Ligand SMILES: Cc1ncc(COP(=O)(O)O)c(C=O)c1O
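Shown next as structure tokens: one chain only, the form predicted alone.
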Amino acid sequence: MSPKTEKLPEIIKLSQNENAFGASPMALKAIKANIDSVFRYPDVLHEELKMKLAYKNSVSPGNIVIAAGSIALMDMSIKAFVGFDENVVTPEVTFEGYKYMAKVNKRACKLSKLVNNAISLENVLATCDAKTKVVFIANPNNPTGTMITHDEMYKFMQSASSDTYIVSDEAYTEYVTDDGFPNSLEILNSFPNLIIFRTFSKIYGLAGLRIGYAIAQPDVISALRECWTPFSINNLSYVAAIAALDDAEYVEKCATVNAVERMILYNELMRIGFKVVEPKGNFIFVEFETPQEKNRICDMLIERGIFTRPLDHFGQDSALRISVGRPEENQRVIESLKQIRL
């Protein structure tokens, strides 16, 4: 007789803030319809996508540059605006890409302190100096999930040097339901040193296709394009992004479900006894007393088939980030954490 084998739990991946519902049906249909075109070189001008994004955001196509995701936009921003003897500033616990791309480009990166797990714009300003040329601000902040308001951002832009480019990375903007979230396009009208990052990787579900865009004043866009890699957007990414913009019903559905589910997760984790930060995006920040406790919880979740994100590389070795999944996945997270806490 063969020995009994224990059935492994179904894997739940909640480690990279992906849209748990996947790409929109319209985007998938566009990919399938264009699958035979992959032998063709992609369009380097991106006119149709820029026109659609310009209409969506009430700007002109000259205010937009398309790139292979936000990492590519970070790279372009640093190359375009930061000299080798100059620096980048970003908060100490935030998306690791900012620090990483500064390192790749051999530019100094200075880190500002958070206050109560939130970005302190006052501390960001205090960290800047005469050689600071780009400031990266994730809003909502990844991984803590906190949000900078419109008034806070406007006052910050008033105080920041006009010689420093301020990047507002709004990867999770479609998930935000708080009325205080900045109208960055309105702020851009007053401050030509503002650059807004947006992405198709999150709510649009196209993370694997690598496509995003920046909105800025035309002269800033021109400078960014000088550092852009031609042919970096492939044909399937391009048609998928165009189709995804038409699927407003799908985006609204994903945002609505996420808003409900993130509060269920937030409230239940607090009820169980975890220290969590009220979320504004599609993920929950869970802080522990020690790195050892964080590692223990992370490992026990893995044993149950649930993958979350340790935040050591983000600058916080005593916390986990848990992406908001489908309702049934979130319930499994809650039940697993209840068992672990017993």
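Given the structure is predicted, the values throughout are model-derived calculations rather than measurements. Residue numbers here begin at 1 and follow the sequence given.
Not on display, but discussed next: the form predicted in complex with the ligand.
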query	finding
Per-stretch contact check against the ligand in the predicted bound form, the hit in 135-143, 215-223, 118-126, 80-88 (non-hydrogen atom, 4.5 angstroms)	135-143
The ligand contact in the predicted bound form: residue 203, any heavy atom under 4.5 Å	no
Distance check, residue 95 to the ligand in the predicted bound form, heavy atom within 4.5 Å	yes
Contact flag, residue 195 vs the ligand in the predicted bound form, heavy atom cut 4.5 Å	no
Partner contact for residue 172 in the predicted bound form: the ligand, 4.5 angstroms, heavy atom	yes
Residue (of 237, 199, 258, 184) lying close to the ligand in the predicted bound form, criterion heavy atoms within 4.5 Å	199
Selected contact from 148, 254, 233, 74, since only one has a non-hydrogen atom within 4.5 angstroms of the ligand in the predicted bound form	74
Those residues of 53-71 which, in the predicted bound form, come within 4.5 Å of the ligand by heavy atom	69, 70, 71
